[in-house]
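Presented below, as structure tokens, is a lone chain in the form predicted on its own.
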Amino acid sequence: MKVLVHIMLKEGVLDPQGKAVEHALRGLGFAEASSVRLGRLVEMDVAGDTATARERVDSMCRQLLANPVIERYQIEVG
């Protein structure tokens, strides 16, 4: 089963990479870009039914893929 995990910094956590991209976009003439924040996308195949896959991936996120202190994640199973 294909699973996507979107990982983003929590609101209020400084995102220096996002700020750098925002600055670069403005330098290229894209002044309408603001509040840029970057994240990660993890794509994987997971064996099992939907509920089991979601549970296992949630465990993966809590133990390795995301830092729950500063990041939030969203799991898409399908």
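Each residue number is its position in the shown sequence, starting from 1. What you are looking at is a predicted structure, and each value in this text was computed from that prediction instead of being measured.
Same protein, other form: the form predicted together with a further copy of the same chain, not shown, and the subject of what follows.
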**Request:** Consider K19 of the chain shown here, and say whether it contacts a further copy of the same chain in the predicted bound form, taking contact as heavy atoms within 4.5 Å.
**Result:** no
**Message:** Although the partner isn't part of this model, could you tell me whether A47 comes within 4.5 Å of a further copy of the same chain in the predicted bound form, counting any heavy atom of the residue?
**Reply:** yes
**Request:** Answer with yes or no whether L28 is in contact with a further copy of the same chain in the predicted bound form, where contact means some heavy atom within 4.5 Å.
**Result:** yes
**Asked** Given that the partner is absent here, does V13 sit within 4.5 Å of a further copy of the same chain in the predicted bound form, heavy atoms only?
**Response** no
**Prompt:** Can we say V36, G39 and E43 each have a non-hydrogen atom within 4.5 Å of a further copy of the same chain in the predicted bound form?
**Reply:** yes
**Request:** Just give me the residues of 45-68, first to last, that have a heavy atom within 4.5 Å of a further copy of the same chain in the predicted bound form.
**Result:** D45, V46, A47, R56, S59, M60, Q63, L64, L65
